[in-house]
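As structure tokens, one chain now follows by itself in the form predicted on its own.
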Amino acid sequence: MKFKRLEKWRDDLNICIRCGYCYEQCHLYKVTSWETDTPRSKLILLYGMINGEIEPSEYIANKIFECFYCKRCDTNCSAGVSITEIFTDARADFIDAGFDVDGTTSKTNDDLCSRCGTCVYICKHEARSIDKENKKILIDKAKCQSCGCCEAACPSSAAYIVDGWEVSEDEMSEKVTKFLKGVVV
């Protein structure tokens, strides 16, 4: 299985010195406290894949699709590696290889969706489109950067990001309530 887009990043993956600065501000790492959720770990997995040391798997694909593209890892990288660009190309390669994972990419509840197109027009990453023939909102998982703009703009609350990452309205409300009540979170 060839990951042609990822292959162009071989030199950058060699430049990465595995220092760990990339995960100091990583939201996913702060939520889970698992090394495998850090940008550094994801780069190591991708490096192992392009060098034939490990095989692409659903587990690795899921890890690569778990990113909110805040780009704090790019900003903190002392080696200047374009981490989120690498993730975007890796996502496209995983999709081409037949992996169908969601990670943190946005979704649409078709039962609630009115197909108004607001989420399509608001998406600055051009990750959403309307399939007029089938009357569905389509999401390009390689382009989706989980920014939440579609969720915030959707008048029928059909666009969403799955719970578990402390970004949903309910999760944030719970965290704020606990904080205000003096409960340690």
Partner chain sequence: MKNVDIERLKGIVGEKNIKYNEADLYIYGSDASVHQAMPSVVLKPTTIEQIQEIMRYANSELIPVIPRGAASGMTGQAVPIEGGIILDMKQMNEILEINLEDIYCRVQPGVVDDDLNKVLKSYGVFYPVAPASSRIATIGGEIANNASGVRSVKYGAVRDSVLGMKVVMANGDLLNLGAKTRVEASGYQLDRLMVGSEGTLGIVVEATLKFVPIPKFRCLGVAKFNTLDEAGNTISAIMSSGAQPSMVELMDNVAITAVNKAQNLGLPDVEAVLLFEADGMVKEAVDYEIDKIKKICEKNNGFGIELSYDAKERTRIFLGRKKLFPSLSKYKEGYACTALADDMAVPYSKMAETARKIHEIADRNNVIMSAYGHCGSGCMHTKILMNPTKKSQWNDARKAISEIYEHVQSVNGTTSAEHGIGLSKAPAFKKEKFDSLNAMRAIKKALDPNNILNPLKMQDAPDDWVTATKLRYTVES
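Quick caveat: nothing in here was measured; it's all calculated off a predicted structure. Positions refer to the first chain, counted from 1.
The form predicted together with the partner chain is left out here; the points below concern that form.
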property: Residue contact check: N14 to the partner chain in the predicted complex, 4.5 Å heavy atom; result: yes
property: Contact test in the predicted complex: R128 vs the partner chain, heavy atoms, 4.5 Å; result: no
property: Interface membership of I60, the partner chain in the predicted complex, 4.5 Å heavy atom rule; result: yes
property: Touches the partner chain in the predicted complex: G48 (any heavy atom, 4.5 Å); result: yes
property: Which of 151-159, 113-121, 39-47, 132-140 sits within 4.5 Å of the partner chain in the predicted complex, heavy atom basis; result: 39-47
property: Within 4.5 Å of the partner chain in the predicted complex, all of E7, S106 and C147 (non-hydrogen atom); result: no
property: The partner chain in the predicted complex - contacting residues of 13-44, heavy atom within 4.5 Å; result: L13, N14, I15, C16, I17, R18, C19, G20, Y21, Y23, E24, Y29, T32, S33, W34, E35, T36, R40, S41, I44
